[in-house]
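The chain below stands alone and is given as structure tokens, in the form predicted alone.
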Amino acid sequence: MSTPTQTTPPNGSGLSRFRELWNDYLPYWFMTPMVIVMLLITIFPGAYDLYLSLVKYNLANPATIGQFNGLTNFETAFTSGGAVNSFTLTILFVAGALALETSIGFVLAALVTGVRSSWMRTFYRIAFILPMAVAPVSLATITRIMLNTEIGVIPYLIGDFTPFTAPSFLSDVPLLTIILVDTWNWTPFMFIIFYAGMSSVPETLLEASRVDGAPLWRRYLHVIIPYMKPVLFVAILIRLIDLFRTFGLVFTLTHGGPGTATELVSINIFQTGFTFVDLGGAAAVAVVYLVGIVALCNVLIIKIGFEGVWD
């Protein structure tokens, strides 16, 4: 019985040519899936959003859908669409929430780092992380009940145990309320990162500062914070980007109201696109918003990150 022998295709055949191409461009083949995914999830939606911003796309007027509209969508959004007010509110919201979450998270991390007992340190870590486990929409629903002027526990406690009269939080100070609620929800994120950063400071540096007689505030100012600069920068950058994307908490809590008092850009885009069915106008605001966030993040990374943190 004869043994079957493997035959190789002659030089120049289709299979041989395919193998040569495969081997010559092997690194590019491995990159192809990533490039396709990037095109599908970033480039294509961005390009389509830009297209929508330049054409008429109001579902209430289907006869004009697809007609080139130039920069009219941008002009309408920023003159009569409330986009300027939304951008202003978003900047106030992001600045307020980021400042509170960063400062409170850092203080909590410093306090827990200073606790000597290991089981107490574990208890505080778990207790401080718990708020982050609550979904923003669930948190907003619970908060609406707690802040209700008739049945809410917070107005009841303020009215009965303090000399002050509880305000109607969602009507009198709506922007401050959503800043405080977001701070309660996401300060644990900053706490976790800052705590990890403080725990990584070499003990030899801290011991040397103690030997030199540096008080605690000098140790933080000249040793711990400089050592943590990359950690601080990355945490603030991540939280900054996430704050710009805030939607569920605000929409569930106030729907952008009362009036337009909490109409952040994300709420403005949603209402323009899905309440007034003007997808072209919504796309125009979204394009400006995206370009602004990308530009801001790049400036921060280049000017503060590469020139101040990682230099």
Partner chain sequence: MTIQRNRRDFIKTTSVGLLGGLAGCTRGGSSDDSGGAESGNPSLSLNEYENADIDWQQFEGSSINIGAVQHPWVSAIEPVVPVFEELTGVEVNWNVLPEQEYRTKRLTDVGTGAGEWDVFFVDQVVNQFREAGWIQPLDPYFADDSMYDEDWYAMDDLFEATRWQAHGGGYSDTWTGSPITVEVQTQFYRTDLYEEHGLEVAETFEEFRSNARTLHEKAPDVIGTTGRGQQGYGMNIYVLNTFIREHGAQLWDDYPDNSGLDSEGALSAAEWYVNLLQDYGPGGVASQTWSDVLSTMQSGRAGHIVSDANLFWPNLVDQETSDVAEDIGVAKVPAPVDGEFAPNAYAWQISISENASNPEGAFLFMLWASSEPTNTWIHLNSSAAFSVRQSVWENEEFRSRVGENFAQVTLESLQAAAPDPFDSYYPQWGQTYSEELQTAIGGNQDVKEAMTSAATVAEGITSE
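Bear in mind that the values here come from a model prediction, so they are computed numbers and not experimental data. Residue numbers count along the first chain shown, from 1.
Here the subject shifts to the form predicted in complex with the partner chain, a form of this protein not shown in this document.
Peer 1: For the partner chain, considered in the predicted complex: do all three of 101, 207 and 213 come within 4.5 Å of it, counting heavy atoms only?
Peer 2: No residue of the spot touches the partner chain in the predicted complex.
Peer 1: Please run the contact check for residue 251 against the partner chain in the predicted complex: heavy atoms, 4.5 angstroms, yes or no?
Peer 2: Contact with the partner chain, yes.
Peer 1: Taking heavy atoms and a 4.5 Å cut-off, does residue 152 contact the partner chain in the predicted complex?
Peer 2: The answer is yes: residue 152 has a heavy atom within 4.5 Å of the partner chain.
Peer 1: Any of the heavy atoms of residue 43 lying within 4.5 Å of the partner chain in the predicted complex?
Peer 2: No, residue 43 stays farther than 4.5 Å from the partner chain in the predicted complex.
Peer 1: Would residue 121 sit within 4.5 Å of the partner chain in the predicted complex, counting heavy atoms only?
Peer 2: Flag for residue 121 set to no.
Peer 1: Quick one: which of 255-263, 66-74, 281-289, 32-40 gets within 4.5 Å of the partner chain in the predicted complex, going by heavy atoms?
Peer 2: Result for this chain: 255-263.
Peer 1: Heavy atom within 4.5 Å of the partner chain in the predicted complex: which of 171, 79, 162, 117 fits that? Just give me the one.
Peer 2: Filtering the options by heavy-atom distance leaves 171.
Peer 1: So the partner chain isn't shown here. In the predicted complex, which residue out of 220, 189, 156, 87 has a non-hydrogen atom within 4.5 Å of it?
Peer 2: Contact with the partner chain in the predicted complex is made by 156 alone.
Peer 1: Give, in sequence order, every residue of 131-152 that has a heavy atom within 4.5 Å of the partner chain in the predicted complex, or say none if there are no such residues.
Peer 2: The stretch 131-152, when checked against the partner chain in the predicted complex, contributes 141, 142, 144, 145, 148, 149, 150, 151, 152 at the 4.5 Å heavy-atom cut-off.
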